Ligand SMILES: C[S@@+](CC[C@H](N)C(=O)[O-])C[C@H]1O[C@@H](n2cnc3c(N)ncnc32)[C@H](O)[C@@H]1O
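We begin with a single chain expressed as structure tokens, specifically the form predicted on its own.
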Amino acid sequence: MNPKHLLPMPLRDVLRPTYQKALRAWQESRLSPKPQSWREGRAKAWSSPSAEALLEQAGTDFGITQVPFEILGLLDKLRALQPKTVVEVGTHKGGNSFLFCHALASTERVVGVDLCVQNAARLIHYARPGQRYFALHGDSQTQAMKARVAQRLAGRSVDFLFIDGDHSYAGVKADFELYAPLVRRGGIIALHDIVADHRTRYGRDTGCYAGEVYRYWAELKSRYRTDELVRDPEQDGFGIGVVYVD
């Protein structure tokens, strides 16, 4: 018999969040055993392959939803910036975080935020020597989460902020307004999915969802110096908008 079945259901419901939190903390700790495939993946990432090879590994080891032309173009801009501190809002499966850790040799501290940072333990295990990856599970659109991010930054300003979380107009606006003030002058903020999807533009549902990021992006372009990384203006969603914090 499974030991947990010895407990009445109401008590199990009460204890489940505490148990899950403790289990996640153990899995993300450096002491927990890691599978051989993780050790091999880490060695591969540490071997400093090309950005294209790292993008391929991001897809196989973690999962990533990006147009290569767009994300590789962003990495080119970031190499010129040489960011040491990166915050990603909307980490999802962790492919972007993996790229920010390994395709940018300058990064020392990367903070990922999501309701549930998938593959968090793997991201932490893959971190390079001298580099720290922090996974923060919870709602990005709260002052409490902003305080947790600030705690992990330990007094550092943010060089690069990537926003790819809640794609509603109110959601992306809240994420920008909460975390943009943490970015230093001269830093960069990037937003994903600035191109409206085909359902929004043509009423044709293709399964691609870019939400209302395009609406908020139009406002940012009137207020900041910006750039756009878009493979095709007629594409179905995607696109990366870059804000220069002057």
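We number the residues from 1 along the sequence you see. If you're wondering where the values come from, they're calculated on a predicted model, not measured in any experiment.
Quick note: we don't show the form predicted together with the ligand, though the next part is all about it.
Enquirer: Would Lys146 show up as a contact with the ligand in the model of the complex if we use heavy atoms at 4.5 Å?
Expert: No - in the model of the complex, heavy atoms of Lys146 and the ligand never come within 4.5 Å of each other.
Enquirer: Is Ser140 near the ligand? Define near as a heavy atom within 4.5 Å, in the model of the complex.
Expert: So Ser140 counts as contacting the ligand.
Enquirer: Indicate whether the ligand has at least one heavy atom within 4.5 Å of a heavy atom of Asp166 in the model of the complex.
Expert: Residue-level check for Asp166: yes, a contact with the ligand.
Enquirer: Taking the ligand as it sits in the model of the complex, is Gly63 in contact with it (heavy atom to heavy atom, 4.5 Å or less)?
Expert: Looking in the model of the complex, residue contacts with the ligand include Gly63, since a heavy atom lies within 4.5 Å.
Enquirer: Let me know the one among His92, Lys84, Arg152, Lys77 whose heavy atoms come within 4.5 Å of the ligand in the model of the complex, would you?
Expert: None of the others qualify; the residue that does is His92.
Enquirer: Could you tell me which of 152-160, 101-109, 132-140, 119-127 sits within 4.5 Å of the ligand in the model of the complex, going by non-hydrogen atoms?
Expert: Of the stretches listed, the one contacting the partner is 132-140.
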